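Shown here is one chain on its own, the form predicted alone, set out as structure tokens.
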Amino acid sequence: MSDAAQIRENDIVVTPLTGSIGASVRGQDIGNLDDESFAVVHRAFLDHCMLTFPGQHVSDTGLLAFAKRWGEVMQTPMLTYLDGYPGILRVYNRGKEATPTEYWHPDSAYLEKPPAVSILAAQELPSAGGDTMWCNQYLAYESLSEGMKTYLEGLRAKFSGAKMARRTGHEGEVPFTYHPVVRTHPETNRKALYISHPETVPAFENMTEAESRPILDYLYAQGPQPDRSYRHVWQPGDVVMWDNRCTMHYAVHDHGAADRVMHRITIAGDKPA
């Protein structure tokens, strides 16, 4: 992606944020995209893995309208959504010890069909801090040796909701499932490394944690490299969306007790394959 250049089409300006991941999109109200404009945004999304939409100040109604262009708005177990806006989750500052997202991860990977897309709209921001980072998992996979790629072919790992359950106070059975650690994106047909935090991916299928851990730790470290990542400094009105099928993200909690409120929507995805 290092040869990516700015694109102008249908009054939309798409500008790469780094040479490896991310682009900013300007020129359209995302709550009122026509089909031609949406097609431009959709292509940019698949090309860049995550997009920022500066200065949108979109209403919850507009945010839902935009989200529904991408597929079915889903509701994740263990979470509570806004009254009157099914699918919009209010993400607020729970304090550093209670934050459920301060680690590299794709969203809700413990589900049989994890979200394909996630969207965040800034509501209240701290005066400093509270950034979010993303990394490109296509590049994480492509950086592996041919021997490692061969070893991982067809290999599945356990994805557990234990970390989210503990942080949200969930009681009862903790959900988990098995997914391939290399998944093929259903729209681009590119292969991406599908991995998450050690607590949420404890072992490969039919292997012990002791056998699995060294390789899982190695794989987990491949995505968050400086040349495969983007760090977003939030501004009022920002909307950001990302592809959970080919990225991981990390919400940095460095803002103490300061308010930081986001509205989040996730779009249903397919079973990883």
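Just count from 1 along the sequence shown to find any residue number. Quick caveat: nothing in here was measured; it's all calculated off a predicted structure.
If you look for the form predicted together with a small molecule, you will not find it shown, but the lines that follow are about it.
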**Report entry** Heavy atom distance at most 4.5 Å to the small molecule in the predicted bound form, all of 91, 105 and 264
**Finding:** yes
Query raised in the report: Looking at 244-252, 203-211, 220-228, 37-45, which lies within 4.5 angstroms of the small molecule in the predicted bound form, counting heavy atoms?
Result: 244-252
Report summary line: In this chain shown alone, the residue from 196, 76, 160, 132 with a heavy atom within 4.5 Å of the small molecule in the predicted bound form is 132
**Report entry** Among the candidates 140, 120, 117, 109, the residue which, in the predicted bound form, approaches the small molecule to within 4.5 Å (heavy atoms)
**Finding:** 120
